[in-house]
Each structure stands twice: as C-alpha cells, then as structure tokens.
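What follows is a single chain, given as structure tokens, in the form predicted on its own.
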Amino acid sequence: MDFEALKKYSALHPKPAGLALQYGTAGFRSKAEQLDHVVFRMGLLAVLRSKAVTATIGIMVTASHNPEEDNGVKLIDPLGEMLHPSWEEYATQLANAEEQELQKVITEICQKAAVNLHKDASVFIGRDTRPSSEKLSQSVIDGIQVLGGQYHDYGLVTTPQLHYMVCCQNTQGQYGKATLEGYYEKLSKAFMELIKQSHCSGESQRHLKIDCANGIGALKLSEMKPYFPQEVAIHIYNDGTKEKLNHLCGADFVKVHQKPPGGLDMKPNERCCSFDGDADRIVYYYKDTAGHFHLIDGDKIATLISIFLKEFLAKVKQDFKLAVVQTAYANGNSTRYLQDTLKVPVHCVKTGVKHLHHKAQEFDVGVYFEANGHGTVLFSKAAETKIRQLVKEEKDDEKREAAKMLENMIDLINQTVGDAVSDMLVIEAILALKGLTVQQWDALYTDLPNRLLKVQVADRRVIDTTDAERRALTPPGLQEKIDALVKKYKLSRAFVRPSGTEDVVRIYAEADTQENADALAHEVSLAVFYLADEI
C-alpha cells in the first residue's frame, strides 16, 4: 500500500472537524457538502472489501427520497445485497477517523477482515441526478485509485440497476448482462412473455401515469420506452426538467401526505404510481369519481403479488413454501387478509430492508415489502432450478404453462433489491393477466385507519424494543401503559420505536375509525413523552 499517496489524496478530501456519521440501513446520508471525505474513504473501503471477497463491489452515490441538498453513499455486496453488517462497522470507523489515524484504521481493517492487499480489486460506481453527485463520484474514484483498484463508472443509474449490474458481474452473466441494455432486454422480454397470456387485445392500451420524483427514474424509463410493447403506454411526469428532486412529489411524499404529487393531473379512476428519487420504491394510487384519493402501498403490492404466485405455485404441484415478510408498520388488515383469506404465512421482522431480505431468504418463495413501497420477491436457488426444469421437461400442459409463467416472473423481478421499474412491470403484468382494475385491486381489503406520529424526547435510546419492535422493554411501565390504552379501542394496536435516523421516537397506532386511531396515537405519544423523560 502506498501510504504517501494515501496521505496526499486524503489531504484533498479533508474531514470537517467534529463531524461524526453512522453507516445505517441506507449507508451514509447527510448534507452533500459534508460528504466529500466520506465518499473518498468509501472508495478505499470498496477496494478492501473487493480484495477480501475476491469479487466486484458496488458503490452508489444517492440519498434516495431525501431533499436535493442531501446526498449519501452506500456499498453493494457481491450478489447485489446490502453490505455485510461487520463491514458497516468498518465503514463507520473509516468515515470518522481523523486524518492522522487513517493509515492505522485501514491496517486494522485489513488485519481483522483478513484482506490480502496483493489481490486485484474491482468496483462498479453509479450515481443519481443530484447536482452534487458527479463531484462526489469523482471523490469515490480517487479513493479506489489510491489503493490500486479497477473501476467501471456507470454514471447515471437507478440504485436497483447498480445492484443488478454487480450481481450479473459476480455470477459470470448467469443473472444477466452487466449492462443497461442487458437490464432493459431481460425485463422487457419477461414482461412481454407474461402479458402474451393476458386477455387484453393490442387495441386496449394500458395507460399508466408515473411520477418520477424529478429523479433518475425518469431518465431510465425514457431509455427503456423503446423496449416496451405497444400495449403499455406509460406517461412520465416530474421528469426533472422543471422542479427539484423529491420536492412535493415521489413515493415518500405520496405515502406520508396521503395525497397525489404535484405536477401530475389525475382524472377519476386513472392508474397512477410514484417512484422515489433513486427508483427503489413504488406506490400506486387513484382518485375515485367522488374525488377521494386512494393509496395502494407496499402492503397491497405484496398482497397482489402473493395472490398471483400462490395460484401458479399451486398449479405446478410442487411443495414450495411461500411466505410474506412484513414489519410492524404493515396494516393489520393486510396481515389478516394474507393469513386468513389467502392462507399465506406472514412473518414480522424489525424495520429496515436488510431484515426483511434476510428473512425472505428462508423460504422457497419469499415476498417482502415495507409499507413505503420498497420490496421484492426472492426465489431460492432450488425453487428456481426446479421451475426452469419443469418448463423444459414437464409433459403436462397445464403444469408446464404454469411453470413458464413463474419462470417469466423470476426473470422480471429484480431479486437483488426493491426496484420500482421491475415492481411496476410485475404489477402491470399481474393486473393485465387477472383482468383487474386498480379499484378491484384496492378493494381486496380495506386498510384499518392509522396514524404515525413523532415525539421528541431527551434521548431516544431509553426506548428499547422486542418482538420485531412491536413491544417496548424500556422504560419500565411503558408497555403496560400502551396495552391499557389499546384495550380502549376496537381492532386497535400501537407500538413505539426509536427512529434509526432522527432523534425522535416514532409512534404507530391503528383502530376501527380514524378518530380512534388519532386518539390512540396521541395518548401513546403522551405516555412516551412522560415515561421517557423520567429516566
């Protein structure tokens, strides 16, 4: 390792005094001007990780649904998954190390993680459309080059596209071609194969309005348009030419405010959807004839996909285990519908995509979505192999056709991470195949009224939880208080958890009416405020 070069380049990317950042579920996020030293050092870390696992590692410069002034960076592991937890700690140590400690911290990481510095290193880089992203990408490249790593800069890509590319590269092309064209071809081919089976004639175009949050999704959808069949007419709004990224638009805005984004004119019963800033989340919505807004979030997306998969998994007559993974934020009626009506097992895990992804890997087919619209479907290697084998060898026509549908679904889904483009095509294909309108999809079950609140407390860490964050362990007496409050209302539940990103405690409550959900949330937040501040 050339420590003189490291010293020289590190001085060009100085760390602001007193700044401490933590690598979280979404990597590092902060105001863009605070991140130059962090992204340079993540370039260094990506090289070390690549040498440690002898594989290509990804680095994405994005802050997703955050305001345009923010930015962030996260690393992608060899199969397109999130960075291994042990390396999250190394990332935090490296980002926070003072200039004079940098060499020592890198040496320690190499020792702890058994990094062979003589091995080659390869890193894929991508970035979103923020004004700060190009310069920060260059700082990543500086970090990679100091440690002698090779890199391929994909430039402007969605976060899921970079995850996809990394997986393709490390599976020697088995997952697909590590190019944008390869991504577009694989998804569009699978999509066209699927909708061939639908009863829609070429005349009845399926119009869809897409709010792209003034982000990267608009650019990439425009590139992909020529690959789509004529039956699908997508109309792109908030394409980034007029307004700021994520400003009054995007999946997060629509979900939190329960209203349509700015810049999109909705007519009654039109199907619309929103991506977030880096296109890894999606939510659907429509307005009814009375002008009421209806949100179709991640819970209903998971339900629609589960209905389709359950039907075709039953037809191939294999003993595949299908399950849905949710968090405590999933609406109670979605859980009831999946378990009681569809008879699909549901598992609840802690908030954060990495927890859902990890749990979903335990099943032959694991569907996971957060309520915010971030999610995907995972097929085990054994299930995928068996399905592809049935397509080739099965003599029974019905079984073979069902296996073909599942095979196309496997190819259409981006199994590395939640992907708004891929999820949108999955949803559009299922709606076409089942002949469902957006209203019929929405009517599968009715969401229980709910309310999400934030409470400022002196120290959010006094709240400790268990049972996938559904019950509070500390402060003493809080859970008993919540239990007593919940008993006052019908079909109710409530839980509290410390935020992973802000110094607040989040309160979630649901009940039979909006009035009761609001009242319960308010009462629980008062209990949190008093009990948390007594400690």
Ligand SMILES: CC(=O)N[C@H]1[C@@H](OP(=O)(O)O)O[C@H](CO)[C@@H](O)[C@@H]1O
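Fair warning: this is a prediction, and the values are worked out from it, not measured in the lab. Under this definition, the rigid core comprises the largest set of C-alpha atoms superposing within 1.5 Å between the forms. Don't overthink the numbering: it's just position in the shown sequence, from 1.
Omitted here: the form predicted together with the ligand. The next part is about that form.
Colleague: Using a 4.5 angstroms cut-off on non-hydrogen atoms, would residue 297 count as touching the ligand in the model of the complex?
Modeller: No, no contact at 4.5 Å.
Colleague: Though only this chain appears here, would residue 482 touch the ligand in the model of the complex if you measure heavy atom gaps against 4.5 Å?
Modeller: Result no; residue 482 lies far from the ligand in the model of the complex.
Colleague: Does at least one non-hydrogen atom of residue 44 fall within 4.5 angstroms of the ligand in the model of the complex?
Modeller: Flag for residue 44 set to no.
Colleague: Considering non-hydrogen atoms and a 4.5 Å limit, does the ligand approach residue 329 in the model of the complex?
Modeller: Looking in the model of the complex, residue contacts with the ligand include residue 329, since a heavy atom lies within 4.5 Å.
Colleague: Taking 4.5 angstroms as the heavy atom distance cut-off, pick the stretch from 190-198, 300-308, 377-385, 351-359 that is near the ligand in the model of the complex.
Modeller: So the stretch in question is 351-359.
Colleague: Which residue, 372, 137, 238, 169, is the contact with the ligand in the model of the complex, using a 4.5 Å heavy atom cutoff?
Modeller: Only one listed residue qualifies here, and that residue is 372.
Colleague: Pick from 472, 26, 48, 494: which residue has any heavy atom within 4.5 angstroms of the ligand in the model of the complex?
Modeller: Contact check passes for 26.
Colleague: Could you pull out the residues of 504-518 that have any heavy atom within 4.5 Å of the ligand in the model of the complex?
Modeller: Contacting residue: only 506.
Colleague: After a rigid core superposition, would you say the CA of residue 45 moves by 2 angstroms or more between this form and the one not shown, or not?
Modeller: Residue 45: C-alpha displaced by less than 2 Å between this form and the one not shown.
Colleague: Core superposed first: is there a CA shift of 2 Å or greater at residue 507 between this form and the one not shown?
Modeller: True for residue 507: a C-alpha shift of 2 Å or more.
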